[in-house]
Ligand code: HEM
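To begin, one chain is listed below as structure tokens, in the form predicted alone.
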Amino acid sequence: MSDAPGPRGLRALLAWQRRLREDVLAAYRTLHREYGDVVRLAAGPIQLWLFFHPDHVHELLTTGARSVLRYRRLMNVFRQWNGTTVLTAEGEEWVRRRRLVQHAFAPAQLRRYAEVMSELAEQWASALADEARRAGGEIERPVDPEMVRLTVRIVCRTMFGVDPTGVTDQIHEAVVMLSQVAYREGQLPLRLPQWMPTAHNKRKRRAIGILDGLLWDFIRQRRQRPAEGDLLGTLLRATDAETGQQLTEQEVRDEMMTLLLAGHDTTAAALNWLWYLLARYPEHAARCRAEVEEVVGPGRPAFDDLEKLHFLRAFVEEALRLYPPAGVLFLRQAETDVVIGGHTVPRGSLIGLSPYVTQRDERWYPNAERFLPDRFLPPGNERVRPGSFFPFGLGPRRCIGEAFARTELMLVLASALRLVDVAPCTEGEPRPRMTMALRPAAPLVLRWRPAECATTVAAAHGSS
């Protein structure tokens, strides 16, 4: 076996386990800096391998995908509320689920979803701009609650065909609770049985009960309107072309749970960083705004406009490079002995990958810590090394909702930038923190104002 450097022994492994639990991003970056592109933490039969080189990342997630599966114990945590879904399934069951669920993300469906995304983003930005005008031209507001409410509305309207007004906060509180459960239980060596009357289990059961009741209610409502083209209707009608099978209602509920949890939380997290970057770099915000005005004109941004918004797309890509919502991918586990980059990873070993670390490597992105959207415009973007940019994963297990998320991120910005402008409240970069999604460690508060103020601000910034 070709060995790899890294901490050895039970004491070192336990110390690093504590550091990984406290701040996984800092721990991964330190291990990469101290030991290189391949790191092995080992104590007896327990092994954790970390791979940071793009070639290794690409190999593990593409050609090696069948030999390196998502860590079963972590997937069992998710199964408590998701059931068996496109997230948690493996093998032929995953292939069947993927074939059925991907109907809901076809281009024709995305075009329908885009109309709702633009409408809701415009409503949100218009209301915020009006509030700022009434307050004298500017208000301070934390970003995350705003983005959570918006993305919950978008998910419920596009995916389930329902207006969540009145239950938005309830949905988010339940999602936050389950995200905390997943992060905590995924790190524990043992999980207490659900029937035990602990405070943790009670909170978990309450969160599952809230979402379960809402989802079954959505399905009942949707059955009364079978002709509409939202995601839920697509799932209820979807037929596997190879087997002729459809999803059962329980399977539909399980996929809905997965899409609800993932569909708003990671997008809201990404939007936190996008608004922060727009506030920090008003010259880039002005450039995005001017491009939207030129491409879209006076109408509402549409799906077909996105391919023409070149700088806005580059802005989003660079934000996803520096602040990928999945800063650390789900741990994998080797099903057999696997050879990666000349290193033999023994069967049963855990494997960690981090877009946050790999995408900030100077070898692949010169001036990697700087926010430079132009690096994603031609010809620079044509030189992106395979495996060096994977905010949504790679290979067959690449996030099934990637196109939905990218469409939503761009349309929220394109719709809102013409109505609102942002400025920072404090100096310095927010410290990122990874739980189930990458967010600022402390609440990010920005100053919001009507967009008519933006031209003057950008001009002043440019002349300073």
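Quick note: we count residues from 1 along the sequence shown, nothing fancier. Source: prediction; values computed, not measured.
One more form of this protein, predicted together with ligand HEM, exists but is not displayed; see below.
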Partner-contacting position among R220, R98, H200, R225 - heavy atom within 4.5 Å of ligand HEM in the predicted bound form: R98
Check each of L87, I340, L312, M147 and return the one that places a heavy atom within 4.5 angstroms of ligand HEM in the predicted bound form. L87
Heavy atoms within 4.5 Å of ligand HEM in the predicted bound form: which of the stretches 38 to 46, 397 to 405, 24 to 32, 416 to 424 has them? 397 to 405
Please determine whether S354 contacts ligand HEM in the predicted bound form, using a 4.5 Å cut-off between heavy atoms. no
Spell out, yes or no, whether the shortest heavy atom distance between F392 and ligand HEM in the predicted bound form is within 4.5 Å. yes
State yes or no: in the predicted bound form, is some non-hydrogen atom of S179 no more than 4.5 angstroms from a non-hydrogen atom of ligand HEM? no
Using 4.5 Å between non-hydrogen atoms, is T358 touching ligand HEM in the predicted bound form? no
Are there residues in 325 to 343 with a heavy atom within 4.5 Å of ligand HEM in the predicted bound form, and which are they, in order? P325, A326, L329, F330, R332
